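Starting off, we have a lone chain in the form predicted alone, written out as C-alpha cells.
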Amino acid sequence: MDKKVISTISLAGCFGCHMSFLDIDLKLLELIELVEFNRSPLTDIKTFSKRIDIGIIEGGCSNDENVKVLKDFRKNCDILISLGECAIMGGLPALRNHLTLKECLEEAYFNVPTSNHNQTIPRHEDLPQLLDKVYPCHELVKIDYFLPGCPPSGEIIWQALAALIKNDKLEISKRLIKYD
C-alpha cells in the first residue's frame, strides 16, 4: 500500500490541537508506517514538495497571511480537515469579533497598564494585516471534515486518520468530544 501524504498547519490558535496530535502516543509509530508527513510544524518542512492526500488545519484566520496560507493549503490538499474549535468556529481568538478592529487595537495598545505611551499601533509592511474579524476556515475554503473539541482528543484524531487512510467511513463517537 502506498503511504498517504499528510500535512498540517497552525493558523490563529494555541497549538493545542497539534499537541493532541502527539497524544495518539504509541499509535504514532503505527501512523509513521502508514503515512508520510510533508509540510508541517511536526516536521519543520515549510513548503509542499508533492500533492497532499490529507491536510489538517488548526486555528482560524485572523490576518491576511492566515488567509493566504489557508487558500494555498486547500489548493494542495485532496482532503481538508478543520481540527478543533478555532478552525471550526474561530475559537478563543474570535472573542474579539464583538469589537470593531479599531476598538480591539485601541484596547490592546492604548487601554492597558503596559501601553506604549506614544499612542501608536504597530504597522509595518512585513507584519500581517489583521482582518475585520476572526474567520472559521469553512467560511473561506471548502472543508471536507470537522473534528470538534478544544482540543480534540488524540483518539478522535487517530480514528479520523485511520479511517481516511483506509478509505473507510469516518464516524466519531460523541463520547470522545471534549472541551478542556
Partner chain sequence: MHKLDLIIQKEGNSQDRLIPILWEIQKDIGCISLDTQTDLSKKLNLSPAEIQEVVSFYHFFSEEYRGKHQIYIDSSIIADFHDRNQIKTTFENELKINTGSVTPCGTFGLFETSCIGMSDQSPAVLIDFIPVPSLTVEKVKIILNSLKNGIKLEEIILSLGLGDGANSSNYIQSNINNNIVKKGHFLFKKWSKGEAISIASQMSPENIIQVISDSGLKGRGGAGFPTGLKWKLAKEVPSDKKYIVCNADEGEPGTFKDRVLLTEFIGLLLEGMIIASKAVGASKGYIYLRGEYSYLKNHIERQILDFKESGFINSFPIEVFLGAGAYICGEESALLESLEGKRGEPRIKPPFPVEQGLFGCPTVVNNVETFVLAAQIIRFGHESFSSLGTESSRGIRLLSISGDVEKPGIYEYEWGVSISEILRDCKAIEPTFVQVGGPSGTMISNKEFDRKISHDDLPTGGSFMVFSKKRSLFDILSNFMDFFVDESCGNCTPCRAGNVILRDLLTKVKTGKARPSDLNKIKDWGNIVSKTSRCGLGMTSPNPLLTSLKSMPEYFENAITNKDENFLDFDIEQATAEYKEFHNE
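Please read these numbers as outputs of a predicted model, since none were measured by experiment. Numbering follows the first chain given and starts at 1.
What comes next is about the form predicted in complex with its partner chain, which is not displayed.
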Residue 108 within 4.5 Å of its partner chain in the model of the complex, heavy atoms: no
Partner contact for residue 122 in the model of the complex: its partner chain, 4.5 angstroms, heavy atom: yes
Contact label in the model of the complex: residue 30 to its partner chain, heavy atom within 4.5 Å: no
4.5 Å heavy atom contact, residue 129 and its partner chain in the model of the complex: yes
Contact check for 9, 53 and 166 against its partner chain in the model of the complex, heavy atom at 4.5 Å: no
Any residue of 137-166 that, in the model of the complex, places a heavy atom within 4.5 Å of its partner chain: 138, 139, 140, 141, 142
